[in-house]
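Here we start with a single chain on its own, the form predicted alone, put down as structure tokens.
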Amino acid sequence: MITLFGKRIRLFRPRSIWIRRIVQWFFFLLITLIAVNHTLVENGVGIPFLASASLHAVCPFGGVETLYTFLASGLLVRKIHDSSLVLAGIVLPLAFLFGPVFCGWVCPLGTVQEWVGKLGKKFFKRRYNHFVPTKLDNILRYARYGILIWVLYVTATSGTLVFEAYDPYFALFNFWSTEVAPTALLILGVTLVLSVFVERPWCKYACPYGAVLGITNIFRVFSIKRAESTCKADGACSIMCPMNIEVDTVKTVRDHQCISCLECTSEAICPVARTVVFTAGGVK
């Protein structure tokens, strides 16, 4: 709680992964600073020590996009920096250890979708995030793998960063510049509108990097596990899950859409201590 203009304001829910909110804000502000500074530098002003930083330089998915070209020729796809390969090399092992923490804790586009989703939660209450029929939803969730294959194919065969023209993340932090394609702005707009009805729609149905990291859920070392002996089966963990995973029906979450946000755990929504936990060991 903080006091502002004589009123006490709650910053976080009583039980939430509050540190995740801080991490999300940190990376959102950092990426915003880099994007704005990049524009200022092009106009002769800006922060000197960040002058070489750009969205492409801090995007780990660029490392995935350029991997084929790098292995085949030793070169990088134009606009992609060495740092993207380094970041991809850091994020992937982290995902094998802890799951897609990049999606749930770092990605600014995911964070913005969550913020817009708060409007949907306010308007639609429990109906929020349950508008898409289950059968259709289950099919759509695999669309991002098709998008991933397409992105990798067209990038490898063209040697250019084709996805930039469709990337809502790039559009979000460059909407004021002429570098952004109208298609990317349109996809960003659709994503934000859909976020009022569906939590993280881009992450669920379309994000190619989420598809890459989502696969690690099958093999990850630390997982979200549920102790059946103490579980009240009240469904709180499933209701809270932004990716609609039915946590209360499984012992270990291996769903390819888990983003490791930990909002289902006993540290957050689960009312029973040590019942839904994030661990590499077993639970009783």
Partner chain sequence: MTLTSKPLAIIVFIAIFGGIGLSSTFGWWQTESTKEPAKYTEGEFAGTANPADIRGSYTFGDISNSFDVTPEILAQAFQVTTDTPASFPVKDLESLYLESGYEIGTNSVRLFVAYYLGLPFDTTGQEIYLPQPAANILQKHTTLTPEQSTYIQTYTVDVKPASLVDIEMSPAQSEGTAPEAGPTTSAPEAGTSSEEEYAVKGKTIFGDLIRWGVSQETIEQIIGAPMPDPAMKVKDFVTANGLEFETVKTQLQAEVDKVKP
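Numbering follows the first chain given and starts at 1. All values derive from a computational prediction rather than experimental measurement.
The same protein also exists as the form predicted in complex with its partner chain; that form is not shown, yet it is the one meant from here on.
Chemist: Only one of Thr252, Ser238, Thr230, Thr69 gets a heavy atom within 4.5 Å of its partner chain in the predicted bound form. Which one?
Modeler: Going through each option in turn, the one that passes is Thr69.
Chemist: Just give me the single entry in Val101, Leu188, Val112, Leu194 that has a non-hydrogen atom within 4.5 angstroms of its partner chain in the predicted bound form.
Modeler: Answer to the contact question: Val101.
Chemist: Would you confirm whether the three residues Ile47, Leu148 and Ile215 all fall within 4.5 Å of its partner chain in the predicted bound form, going by non-hydrogen atoms?
Modeler: No: none of Ile47, Leu148 and Ile215 comes within 4.5 Å of its partner chain in the predicted bound form.
Chemist: Is His81 one of the residues lying within 4.5 Å of its partner chain in the predicted bound form, judged by heavy atom distances?
Modeler: Yes, His81 lies within 4.5 Å of its partner chain in the predicted bound form.
Chemist: Whether Ala143 contacts its partner chain in the predicted bound form should be assessed with a 4.5 Å heavy atom distance threshold; does it?
Modeler: Although its partner chain is absent here, Ala143 would stay clear of it in the predicted bound form, with no heavy atoms inside 4.5 Å.
Chemist: Heavy atom to heavy atom, is Ala273 within 4.5 Å of its partner chain in the predicted bound form?
Modeler: Heavy-atom contact with its partner chain at 4.5 Å: absent for Ala273.
Chemist: Indicate whether its partner chain has at least one heavy atom within 4.5 Å of a heavy atom of Ile269 in the predicted bound form.
Modeler: Outside the cut-off, so no.
Chemist: So which of 117-125, 133-141, 93-101, 197-205 is the stretch with heavy atoms within 4.5 Å of its partner chain in the predicted bound form?
Modeler: Result for this chain: 93-101.
Chemist: Scan 217-238 and write down, in order along the chain, each residue with a heavy atom lying within 4.5 Å of its partner chain in the predicted bound form.
Modeler: Read in sequence order, the lone residue that approaches its partner chain (within 4.5 Å, in the predicted bound form) is Phe222.
Chemist: Please say whether the CA atoms of Ala51 and Val45 come closer or move farther apart in the predicted bound form, knowing the change relative to this form is 3 Å or more.
Modeler: Result: farther.
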